[in-house]
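Take a look at this one chain, the form predicted alone, written out in structure tokens.
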């Protein structure tokens, strides 16, 4: 579904990505592992059109997207849930969800999707009229994911969904995401600092260091890799 080939990208004079190549098959969950500053978030920003690469190409369903606008990429079926949630704190839960559907005009479908997402995230129905900024961290993360799903994406980009959450809350977020992946067939491309959770959740993983892919394998093989265990799994 997603093919990243030889991507290079920079922030001003600082080169962040050096020839990154990654594939994300349809229906799969693929994770990016690596230390802070390795370039993981930059890869997601390139895919969603927030950063234009200086070399290489990105294809979604065989169509090149690395020269398209972010809005065009969303309309093609890619949704990005950024690090830190980035909700509109003064707006209600319902209003934040409606913003996730800004590319759509099917009113009945939007209502049906809100009802469907409330099934995955019941707390959002309970907090419907509350300002998003008044929610707990775990509730905000559920809202951020639900807002990302409101555009009916085929590919969901997730950046650090467990950041700042208690382990129990984090496990529940991953449980819901796996349910969404299995029941709705939504492909997930994930950046996650918690390597143990990421590899338990994902089918395949890439380890990124200093803007380069240094290891790639199935999640089971990465768990067995001595370098991955020592650097990211703590044993």
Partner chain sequence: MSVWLFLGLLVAFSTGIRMQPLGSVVQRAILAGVLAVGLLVFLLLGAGFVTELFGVLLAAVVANLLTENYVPQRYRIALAIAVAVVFFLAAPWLLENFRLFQFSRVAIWVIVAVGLNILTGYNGQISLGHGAFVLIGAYTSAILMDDQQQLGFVDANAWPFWTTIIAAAVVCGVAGFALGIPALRLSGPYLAIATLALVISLPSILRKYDGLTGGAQGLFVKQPPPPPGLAGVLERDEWLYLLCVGVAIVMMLIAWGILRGPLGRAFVAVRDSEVAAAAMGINVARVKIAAFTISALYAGVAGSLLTQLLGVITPESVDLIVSINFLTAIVIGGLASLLGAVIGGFVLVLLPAEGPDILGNIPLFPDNFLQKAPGAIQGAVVIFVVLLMPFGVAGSYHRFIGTPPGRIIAALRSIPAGLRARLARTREDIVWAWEDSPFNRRSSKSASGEEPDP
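On a predicted model such as this, the values are computed, not experimentally measured, just so you know. Positions refer to the first chain, counted from 1.
One more form of this protein, predicted together with the partner chain, exists but is not displayed; see below.
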Interface segment, criterion being heavy atoms within 4.5 Å of the partner chain in the model of the complex, picked from 203 to 211, 168 to 176, 182 to 190, 58 to 66: 58 to 66
In the model of the complex, residue 154 touching the partner chain (heavy atom, 4.5 Å): yes
In the model of the complex, residue 123 touching the partner chain (heavy atom, 4.5 Å): no
4.5 Å heavy atom contact, residue 76 and the partner chain in the model of the complex: yes
In the model of the complex, residue 163 touching the partner chain (heavy atom, 4.5 Å): no
Within 4.5 Å of the partner chain in the model of the complex: residues from 30 to 47 (heavy atom criterion): none
